[in-house]
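Next up is one chain by itself, shown in structure tokens, the form predicted alone.
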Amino acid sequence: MSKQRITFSPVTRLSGLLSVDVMVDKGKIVEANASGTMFRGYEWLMCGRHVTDGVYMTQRVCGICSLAHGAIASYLLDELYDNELSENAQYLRNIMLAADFIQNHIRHFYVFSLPDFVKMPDYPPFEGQNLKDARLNPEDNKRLVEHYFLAIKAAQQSHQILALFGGKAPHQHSFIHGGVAVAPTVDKMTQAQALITDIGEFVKQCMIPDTELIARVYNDYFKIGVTPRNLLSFGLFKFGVKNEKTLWRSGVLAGNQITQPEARLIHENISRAWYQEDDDLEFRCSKLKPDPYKPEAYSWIKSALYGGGHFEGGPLARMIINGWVNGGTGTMDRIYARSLETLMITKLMEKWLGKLKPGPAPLNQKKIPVKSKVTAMTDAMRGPLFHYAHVEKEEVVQYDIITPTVWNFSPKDQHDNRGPVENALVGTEIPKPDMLYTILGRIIRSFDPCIACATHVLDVKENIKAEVLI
């Protein structure tokens, strides 16, 4: 068989628009380009706004993991204003963030990932399912389909917990700088305890056994979609008066060496992204402008580099860096780690709700910034999340966001080094031509891609010009 270039577009069952080009030679993928095909303009949207708008504005980057942006924007503002957080505020913040993690992970495993392995009913939205490698026996398959529908309720219950303390979900209103603006009443705490008990039972009785079954039946996927062991986490769940304590450790794992991440070593490369530098750009917020006709470029996603290298983030990176698992970096490792993390977070939330004290809203905001430039780093559902702000008189001069999907779906850099997803695809064996899209989908979706976080804003009139920003 001669070389074939095959385009998988759009890749379905994920957030946003993603296209993947692969080159197949003699039944093996020898090259891959992952392309985010929507332009994100939130850095421009933030320009000129009051810096505290960041908590609300940046949550609109994504409707699935919105609180992650609200949380990190709050951490950034805590640093900017030198806020001091109470213990109750930290418990309440982490309960809300944990609830958003849980709904995302349940949704991903059942709604996005499960149809890659389970034969779904032949009616909408499953009609015409392209599953060429169904291995489950009818009894197990039937049970997992039933759990698919139960998962919708469990994810909804997670959002109910977030809405109890955040006002609504997604795009909550109360996790802001200085603490939380909603009072933790006995009624809200009791409702949250009942909800997390139900969710925890679902995770233990359904999600973990279902994950173990899929991992056992499709165990060859521990060796498919393997990435280099370069892993990154900015840590997760802040505590302490100044957010100085992180419950889950941060780390940069390269080879067998773990070091602590430093903001100064984080860079974005635009060699294969549809941008160009322009020092005369009228907008102060960026020296880049869109260039959708740039030669050699193929994505609106920039390459996120740490110390000049590509790094993978997500639940698997957190599990390995914290020493909780010591497996590989294949497709099934990523899926298994996400389910394990879900179980761990449900237990943490039960513990935190037991320590949360009823009382007034735990909010203490200072009014005067003590810095003009500030960064914040934490992990979100899919991996490392970075916010940077430069302000003058509380007005945003520059705002930059690097999301987990930017790390995981980075295009090639100036040296043609591939990002994590492209690395995971290259070298994959395709035993039969009709298996290509099934195998590609399983590998790609194991990263839980959120292209809406990596890229945003589309000109629906197709009136695209390099100078048009939004």
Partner chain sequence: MKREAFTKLCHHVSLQGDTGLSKKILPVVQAYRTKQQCKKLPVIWIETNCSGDNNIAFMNTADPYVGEVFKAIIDLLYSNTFMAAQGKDALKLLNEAAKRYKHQFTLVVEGAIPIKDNGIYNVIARTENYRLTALEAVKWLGPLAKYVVALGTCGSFGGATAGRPNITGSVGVRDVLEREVINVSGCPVNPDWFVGTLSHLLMYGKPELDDLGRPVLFYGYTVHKHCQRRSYFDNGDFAKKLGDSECMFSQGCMGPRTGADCPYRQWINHVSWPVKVNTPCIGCTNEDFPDGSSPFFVPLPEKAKKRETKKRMNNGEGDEA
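Residue numbers count along the first chain shown, from 1. Every value quoted in this text rests on a predicted model; they were computed, and no experiment measured them.
Here the subject shifts to the form predicted in complex with the partner chain, a form of this protein not shown in this document.
- Judged by heavy atoms within 4.5 Å of the partner chain in the predicted complex, the contact stretch among the candidates 254 to 262, 337 to 345, 200 to 208, 116 to 124 is 116 to 124.
- Between the options 306, 239, 112, 352, the residue in contact with the partner chain in the predicted complex by a heavy atom within 4.5 angstroms is 112.
- The listed set 371, 229, 249, 173 contains one residue whose heavy atoms approach the partner chain in the predicted complex to within 4.5 Å, identified as 173.
- Here the marked residues 39, 50 and 129 all reach the partner chain in the predicted complex, each with a heavy atom within 4.5 angstroms.
- Although the partner is absent from this view, residue 390 stays clear of the partner chain in the predicted complex, with no non-hydrogen atom inside 4.5 angstroms.
- Though the partner is left out of this view, residue 449 does not reach within 4.5 Å of the partner chain in the predicted complex, counting heavy atoms only.
- The partner chain in the predicted complex is not approached by residue 3, whose heavy atoms all lie more than 4.5 angstroms from it.
- Though the partner is left out of this view, residue 164 does reach within 4.5 Å of the partner chain in the predicted complex, counting heavy atoms only.
- Residues are counted as partner-facing when one of their heavy atoms sits within 4.5 Å of the partner chain in the predicted complex; in 47 to 64 these are 47, 48, 49, 50, 52, 53, 56, 57, 60, 61, 62, 63, 64, in sequence order.
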